[in-house]
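What follows is one chain in structure tokens, specifically the form predicted on its own.
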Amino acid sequence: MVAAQQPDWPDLAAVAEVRAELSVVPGLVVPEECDRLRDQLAAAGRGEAFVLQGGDCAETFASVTPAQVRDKLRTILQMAIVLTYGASVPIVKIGRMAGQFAKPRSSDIEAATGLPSYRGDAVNDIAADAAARRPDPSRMLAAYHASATTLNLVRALTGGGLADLRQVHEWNKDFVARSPAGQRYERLAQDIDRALAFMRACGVDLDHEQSMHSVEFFASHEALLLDYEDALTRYDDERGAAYDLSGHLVWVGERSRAIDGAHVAFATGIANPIAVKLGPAATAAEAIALAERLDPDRIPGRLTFITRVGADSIRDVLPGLVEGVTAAGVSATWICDPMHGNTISSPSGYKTRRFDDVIEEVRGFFEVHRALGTTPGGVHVELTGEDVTECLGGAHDLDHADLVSRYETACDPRLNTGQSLELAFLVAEMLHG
């Protein structure tokens, strides 16, 4: 059985030692939380909720600081408030956080340097140095501790005031006031203001209502590094099933979703909700075969398909996928990843994405599902809580010359804070009708 995209570990004895240590540490999440997320994903598949999944392309150990975790979480919470109003249903908040430390690569050798490719901080170091690029299994332990730190921060922040509904809305009002495109979003912000006023008038005590001050936030990542994922899998006697306790939801990527591959085999053996990325070459037959392997019992919320086909292809590729899967009776939640199918190269050599392409893919995603009478279940976005300059366009109209200013990603380009919030307002408009 082929295990794609795995490191060429130079010391297998050291790998065995790390696996043994990871096999006895506490899980990062608990099965009850995974089951709750499965139920919420099922609701999204029925149109009774909407998923917002966002975070870094590749987390780094250096980014696990209180400020960076807070700012990323704050951006996602700000987006969620806007989407809640637009969708008029609960928003399922899932971070690409606390585990996204390994990345698939298109080549084992980096073209620019001739060095082994950087595969994420859980494997090697991004420094352009042969020693740094040597895969080191001890970094899996560092990834576990970095994930634990991130989750501890997230749990403290979401229960300790950062998620206060009124505070988050005030941040959004500030964004609208400062954004060059703010007039377009002002009406929606005012509508949310009126909704809060209406709640107060109806006697809802916004100061003491717990749901106004805290939120449930889930962690997800690509289940790429099988030595890590397998070592953190635990059997739950009460449920009679095994759970990968490295995160609440894990996904199988476009490069590792071979039906007879090791990643799909791993995912079949765990009870977590599972997602699969589907690129532009994916067929309905492949998606149905994956569903038969991963969700033979058709459990609502168990399986999510995350499509990443590109703005130019979404209206051509998605209808066949959705129609075929639906006709086969597959129970899946559909989420749009408008980032990975829209990566381009800047004349200066930077990988980047056009904000307009991101929006266009989301728009096509909604159009296809509405035409077919199926449910658009959510969006999956690579973003940061910082004012980086990695994606082109947006209200501030970043161009190719701006990329050099703050291009800080460890792998793929991310939307900055302003672009992320602008995306949320635009998606809210699509949801609102």
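The structure presented is a predicted model; accordingly, all values stated were derived computationally and were not measured. Note that residue numbering begins at 1 and tracks the sequence as displayed.
A second form of this protein, the form predicted in complex with ligand PEP, is not displayed here; the remarks below concern that form.
Only one of the listed residues (133, 93, 308, 302) places a non-hydrogen atom within 4.5 angstroms of ligand PEP in the model of the complex, and that residue is 308. Put simply, of 159, 324, 104, 182 only one has a heavy atom within 4.5 Å of ligand PEP in the model of the complex, and it is 104.
Residue contact check for residue 86: none of its heavy atoms lie within 4.5 Å of ligand PEP in the model of the complex. In the model of the complex, none of the heavy atoms of residue 383 sits within 4.5 Å of a heavy atom of ligand PEP. Using a 4.5 angstroms threshold between heavy atoms, residue 361 stays clear of ligand PEP in the model of the complex. Though the partner is left out of this view, residue 244 does not reach within 4.5 Å of ligand PEP in the model of the complex, counting heavy atoms only. Between 163-171, 246-254, 289-297, 144-152, the stretch whose residues reach within 4.5 angstroms of ligand PEP in the model of the complex through a non-hydrogen atom is 246-254. The candidate site formed by 4, 229 and 263 is entirely out of contact with ligand PEP in the model of the complex, as no residue has a non-hydrogen atom within 4.5 angstroms of it. Along 395-415, a non-hydrogen atom within 4.5 Å of ligand PEP in the model of the complex is carried only by 412.
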